[in-house]
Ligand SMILES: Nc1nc2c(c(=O)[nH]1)N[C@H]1C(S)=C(S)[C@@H](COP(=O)(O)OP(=O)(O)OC[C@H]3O[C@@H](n4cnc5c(N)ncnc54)[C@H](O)[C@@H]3O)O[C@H]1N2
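Next comes just one chain, in structure tokens: the form predicted on its own.
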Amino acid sequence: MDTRKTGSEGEERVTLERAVRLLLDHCSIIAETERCSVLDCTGRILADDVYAKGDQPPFDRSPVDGYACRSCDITDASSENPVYLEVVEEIDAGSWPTRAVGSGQAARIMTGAPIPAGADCCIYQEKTDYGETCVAVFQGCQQHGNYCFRGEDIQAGTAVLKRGTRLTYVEAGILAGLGLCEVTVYRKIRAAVLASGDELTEPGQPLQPGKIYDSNLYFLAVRLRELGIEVPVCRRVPDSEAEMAEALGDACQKADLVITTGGVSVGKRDIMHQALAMAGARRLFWKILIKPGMPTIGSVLNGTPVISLSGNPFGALADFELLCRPAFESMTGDSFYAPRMRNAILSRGFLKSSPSRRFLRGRFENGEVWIPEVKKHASGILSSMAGCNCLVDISAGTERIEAGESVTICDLSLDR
């Protein structure tokens, strides 16, 4: 039976929200963990709470280059009436004081160096005569002025970072400051990419008549890697139902999600429906009520979600962002992956009617969104996406949108 026509398996012509829900019902949470170098931790998700084993800083220290002394000794110091203090030693960052500071004494001290016993403040060297054995102080300083206390950043026993935190360069610095060189993280998402089409040619090879270069495989794989996702399978498959079925089975053993592109319509060479059936996949839906990318198939094979995208580049791009990214969020619990919807003001009108829900490419900046010229919106055109950073969500039945109106966009940027 041809399920492409009867819809006897799975749901047909579903809303975007329904398609996402059906996929999320079959996404497994990634629980496996591994150790990761702090130098390589960016974008990884902490699998355990991180506690401080010691205070940070581990001692009282000076935040300035100057002199550590007793505040009561320099209360009345001024340019006209300097206070003279005996310099008993010099303390550099990385060294340790050997003497306490007593009445009428000071220690030359550098930024980050430990404050010696007896001193309760540090005076800027610019407020002195830079004396080596005896220093003239020209300004007073209150108790604990220019004074960093032990543990003022982090106290021993504190839960510094929580499980589920996405690590950036800031967290890397915190971890290193705690003395950690490795941390336990969840393993990365693994997504396989399969491109269908006998017409596809590998970039760099001569282009024969009737052939096109394969762009979808490349932008999907690169986008996945931009998102920090491993791509264990990335290959083209001939227009053979049996070969695609075999490729699907192999990919599902290696990935948390399988993405295919091409072969999803109803032409004689559109193999995905039959290939999925041959592989034993259970169809969840076919056709989403959006443009572009309507002929998309969602299925599950051996417990692994499979999202079969259009072969048209922009249709594949739009549906990848709208369907795959919610799946990645579900697998990790990390909102970084979620499509980020926000409002924007249209800087130039879009005067073409949209009978069905439509997503347009756009450039969002400073609260406004600009849409490229109308003739560049075909789903087979990818070039006009260059410089764009969002999808503009146009509701079904919209006749036209004037400049200055508010629209909803899906922000594709990775900044959070």
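Remember, predicted model here, so these are calculated numbers, not experimental data. Note that residue numbering begins at 1 and tracks the sequence as displayed.
If you look for the form predicted in complex with the named molecule, you will not find it shown, but the lines that follow are about it.
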| query | finding |
| --- | --- |
| Any non-hydrogen atom of residue 107 within 4.5 angstroms of the named molecule in the predicted bound form | no |
| Heavy atom of residue 196 within 4.5 Å of the named molecule in the predicted bound form | yes |
| Residue 130, heavy atom within 4.5 angstroms of the named molecule in the predicted bound form | no |
| Contact test in the predicted bound form: residue 264 vs the named molecule, heavy atoms, 4.5 Å | yes |
| Interface stretch in the predicted bound form with the named molecule - options 335-343, 197-205, 144-152, 108-116, non-hydrogen atom within 4.5 Å | 197-205 |
| Heavy atom within 4.5 Å of the named molecule in the predicted bound form - residue from 215, 165, 330, 125 | 215 |
| Contacting member of 294, 183, 161, 221, with respect to the named molecule in the predicted bound form [4.5 Å, heavy atom] | 294 |
